[in-house]
Each structure stands twice: as C-alpha cells, then as structure tokens.
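Taking the form predicted alone, here's one chain by itself in structure tokens.
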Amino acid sequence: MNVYAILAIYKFEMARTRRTLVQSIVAPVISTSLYFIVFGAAIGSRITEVEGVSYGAFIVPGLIMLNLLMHSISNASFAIYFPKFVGTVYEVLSAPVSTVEVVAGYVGAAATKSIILGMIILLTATFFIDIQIEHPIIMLLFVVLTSITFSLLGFILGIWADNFEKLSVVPSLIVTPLVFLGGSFYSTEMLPPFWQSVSLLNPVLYLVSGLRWSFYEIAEVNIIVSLASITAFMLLCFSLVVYMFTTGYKLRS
C-alpha cells in the first residue's frame, strides 16, 4: 500500500476545501440554520412532539443526513470530474498507484469533508434546541459509513458524467426527493398504512431511521437492517468503482 500516494491525493483535495471555505462550510451552516428557523418555528409550533421527541430535535438527524448525502456526492464527483475535464487525470492513471490507493485518496478526502460538515451542523443545532445522543458510537458509525458510501457514489457519477450538468442530475432529481420523502422531516407512522409500505422502498429511509435511532432510540426500520443496507450499498459502489478503473470506463478514451 502506497501511503504517500494516498496522502498526496488526500492533502490536495483537503487543501481545495480551505480555498473554498465559504462555499464548503459557511453556506451549508446558514442553510441548516434556516431549516431550523422555518421548520422549527412554522411547523414546530403546530407539531410539538413526534414519538415523544420535540419536532426541532426530531428533524436534526434528517438535516444531518441530507447534508451528508448531498455534499459527499458533490465533493467526490467534482474531485474526479475536474481532472478528467482538464486532462490531468492521465497523470494519476499513469502513476504507479493502484486503483484502491487512488479511490482511498479521493473518497477519503470527500468523506472527511462531509463528516466535518455533519459535526458542524450537529453543533449548530445545539444552539437552537436541546439534543441528546443515546448511542454516540452508532451515530458516528452511521455518519462515517454514509459519507464513505455516497462519496463512492459521487466518484462513480464523476467518472460517468460528460459535462457539468450531468453532475447535478442524480443529486437534484433523485437524491434530494428521496431524502425529503424518506422521513427526514416527519415520521412515516403519520402516513396511511399503504404509504408506510411504499416508504419502505425508499433506501434513504433506512439511513435516516438508523441515524435517528442512535439519537433517540426511535426508528421506522430495525437498526441491524439499516446497518446492513448501508454496508451492502457501500460494497456495491466500491466494486463498481474498481470495475470502472480496471476497464478504463470514460477515463482512457
């Protein structure tokens, strides 16, 4: 394992975050604060509690998951797409660095950015409401697994995309609707039985449910099922990334 190569890619990507601090950190924190103001004040005044938890506290895991998913995908997809766009990706492909090492550098940096952002959002939430975390280890496990998994997904999108417009197709048209319909801001128990069953087809529900269980021990899906789902999806994404690099899909043409 070429640790120096991994660190070189990792440090380069992390340095880009420092150059775009407002876009990477400040903007998401402001948007999250607006969520608390709008949802907490407008809806929270009408829905005081959900399953014994105040509405403001109930939506915290959903907000964290929303930001983890969106920023993991965007960070990783842009990280590999831009070198491909300007042609510098060939330097990486011709270097004596394995696929695993390249992925570890890029995906590790993207996941690290998302984890830091998730923790900042959690800290920001404490200024608005009282939060309790019943299982902090499980919470961190979900945050790390989610960040890595969707950074891998973003990496796949960055390789697949032919232009900048395609980079936003999946996050805006697929991931965002799934997050909002995945119980991020409401409990699926509020829905009629039929729509509760339909909600189980939404993969994001398992992520939000697992993260919320780590906070308040309330969940729509069993915690073991949630962990197994995100782990299986992570392995699937990693296998697809390895396949793309091995075959040179949209990288060597």
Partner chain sequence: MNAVTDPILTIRDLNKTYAGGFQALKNINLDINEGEIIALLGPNGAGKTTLISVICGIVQASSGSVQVAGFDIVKNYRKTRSMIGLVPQELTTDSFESVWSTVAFSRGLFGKSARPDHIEKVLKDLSLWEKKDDMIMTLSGGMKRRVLIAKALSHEPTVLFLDEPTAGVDVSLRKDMWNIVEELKAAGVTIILTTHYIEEAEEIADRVGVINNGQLILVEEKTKLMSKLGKKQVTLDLTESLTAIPSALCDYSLELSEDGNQLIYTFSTGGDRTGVTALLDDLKLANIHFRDLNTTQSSLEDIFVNLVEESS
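Positions refer to the first chain, counted from 1. Remember, it's a predicted structure, so these values are computed and weren't measured experimentally.
There is another form of this protein, the form predicted together with the partner chain, and it is not shown here; the text below is about that form.
Residues with any non-hydrogen atom within 4.5 angstroms of the partner chain in the model of the complex fall in just one of 98-106, 173-181, 144-152, 121-129: 98-106. Just one of 92, 139, 115, 161 comes within 4.5 Å of the partner chain in the model of the complex, counting any heavy atom, and that one is 92. Of the residues 25, 234, 9, 240, just one reaches the partner chain in the model of the complex with a heavy atom at 4.5 Å or closer; this is 9.
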